[in-house]
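A single chain comes next, written as C-alpha cells; it is the form predicted alone.
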C-alpha cells in the first residue's frame, strides 16, 4: 500500500471522517456549503474575467473592480477550501483512486497557477491598460484559461459523485 493510500485510508477511518460520512445531515450540509463557496468564488472570478475579456463592465477600471470583488473572492475560497477538506476527509479512501478527483486536483493546481502568473506579469502593468475596453492579449488569455479551468473543476467535481472505482 502506498503511503498516500495509507494516509487516505487512515483519514477515511478516523472518527471525524466516519461521523461526517455516516451522518444524515453533516455530509449534505457541508456539500451545500461547499457549493455556495464555489458559487461565490467562481461568480466573482467570472465577473473579473468577463471584464478582462471586455464583455462586461467596460466603464469600470479593472483595478477598481478587482479591489471591490477580491474580498468576496477570498471569502468564497476560504468557505470552499474548508468545506472541501471536510468532504475529502469523509471520502478520502474512495477519492484516492477516483480519476475525476485526480483531474479536479490537477485543474485546481492549474487554476491556482493562472492568477499567480497573471499577477506577477500582466497585472503589474495594469495602470497602463486599466481603463482600456480591450485589455492586453495576455490578460484575455488568463481570463479564458480561468473560465475554462473553473468550468472543468465544476464538471470534475460533479463527476466525482458518480464515478466509482
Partner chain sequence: MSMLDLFQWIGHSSLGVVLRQSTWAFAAIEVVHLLALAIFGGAVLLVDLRFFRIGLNSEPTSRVVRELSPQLFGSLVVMAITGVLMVISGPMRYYYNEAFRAKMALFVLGVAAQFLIHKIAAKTEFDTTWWRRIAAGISLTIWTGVALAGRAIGYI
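Positions refer to the first chain, counted from 1. On a predicted model such as this, the values are computed, not experimentally measured, just so you know.
Same protein, other form: the form predicted together with its partner chain, not shown, and the subject of what follows.
Name the residue from 138, 119, 102, 58 that puts a heavy atom within 4.5 Å of its partner chain in the predicted bound form.
By the 4.5 Å criterion, the partner-contacting residue is 58.
If the cut-off is 4.5 angstroms on heavy atoms, which of these, 50, 132, 126, 110, is the one near its partner chain in the predicted bound form?
The option sitting close enough to the partner is 50.
Would residue 5 count as a contact of its partner chain in the predicted bound form, using a 4.5 angstroms cut-off between non-hydrogen atoms?
Taking the distances in the predicted bound form, the answer for residue 5 is no, it never comes within 4.5 Å of its partner chain.
Answer for residue 115 alone: is it within 4.5 Å of its partner chain in the predicted bound form, judged on heavy atom distances?
Contact check for residue 115: no, nothing within 4.5 Å of its partner chain in the predicted bound form.
So in the predicted bound form, is its partner chain close enough to residue 98 to count as touching (4.5 Å, heavy atoms)?
Residue 98 lies outside the contact set for its partner chain.
Would residue 69 count as a contact of its partner chain in the predicted bound form, using a 4.5 angstroms cut-off between non-hydrogen atoms?
Yes, residue 69 lies within 4.5 Å of its partner chain in the predicted bound form.
Can all three of 40, 46 and 162 be found with a heavy atom no more than 4.5 Å from its partner chain in the predicted bound form?
The answer is yes; 40, 46 and 162 each reach its partner chain.
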